[in-house]
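Given next, in structure tokens, is a single chain: the form predicted alone.
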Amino acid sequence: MTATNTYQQVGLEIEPLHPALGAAVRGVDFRQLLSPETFAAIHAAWMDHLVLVFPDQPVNNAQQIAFARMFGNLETHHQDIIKSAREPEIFRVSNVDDDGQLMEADHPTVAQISLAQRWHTDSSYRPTPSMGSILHGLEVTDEGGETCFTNMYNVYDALPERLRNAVGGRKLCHDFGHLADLAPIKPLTEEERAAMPPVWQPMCRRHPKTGRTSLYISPIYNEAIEGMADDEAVDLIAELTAFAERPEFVYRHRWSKDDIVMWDNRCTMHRVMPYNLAKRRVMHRATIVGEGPVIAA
């Protein structure tokens, strides 16, 4: 049976959005309990397209969490300024506080959220990084605020020999504390630093489901590479990042209210485009715990 027939059997319509990655999925309502067959079809589409967009999904937090839990356990963020006070599984990607008040553009929390304008992959600083993320757009901006995703399988496959040799067999340091070097965020507490010490991850990783190899970098957390001088490491990370953002690898998602977008952190990076911080932008993310440490390729 073809993939198209499998999707049609459970009423799903799959529309590719970019040659490299991304597909819109229609014919499902996350306010309802999904059948095992529908979940399996969604998972198959996720593996094929890396990023799935589900338009017009006016779910509440509990319904978003219930869908995300079908894939595995969920992370709770180690910072109280980020996670929801009501549902700790919700990571608040928002310039609006938990009481619904718009925060000033220079607020430390807004400064931290704005660092998502740099390329990264979620939770790469954990010993077991995230499997995937599911983001719900509750309040979206009219201009700016698009989310860009890049296919790190294709990036790895296209690396010139010089760069392939530079990353092969090496590890990269992923340090949550590096954020404080990039922006005037709220200083990390001793408890927060202890909760997330730096970890070293392989620069080339094998996907546990597809078996494919991808480049694994997360530039907002990276500045050191095993066996390299600091300046050489910074230059290589910058070069790899510039390579990964070439248009042939990137799908750029323009948000509509109540879009749900899910992506595979094991083979993509993403970033948000700048937007007017005087305008409300409220996004709620559920983050799926990874199935184990990164597998070196």
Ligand code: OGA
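No experiment lies behind these values; they were computed from the predicted model shown. Residue indices: 1-based, along the sequence shown.
The protein also exists as the form predicted together with the named molecule; that form is not presented, and the subsequent description refers to it.
- Comment: the named molecule is not present in this chain, but in the predicted complex one of Val155, Met131, Met203, Leu135 has a heavy atom within 4.5 Å of it, namely Leu135.
- Distance criterion of 4.5 Å from any heavy atom to the named molecule in the predicted complex singles out Thr147 from the list Ser124, Thr147, Asn95, Ser214.
- Of the candidate stretches 265-273, 61-69, 228-236, 41-49, only 265-273 has residues whose heavy atoms lie within 4.5 Å of the named molecule in the predicted complex.
- The named molecule is not drawn, but in the predicted complex it has a heavy atom within 4.5 Å of Met283.
- In the predicted complex, the named molecule stays beyond 4.5 Å of every heavy atom belonging to Ala224.
- Among heavy atoms of Ala116, some come within 4.5 Å of the named molecule in the predicted complex.
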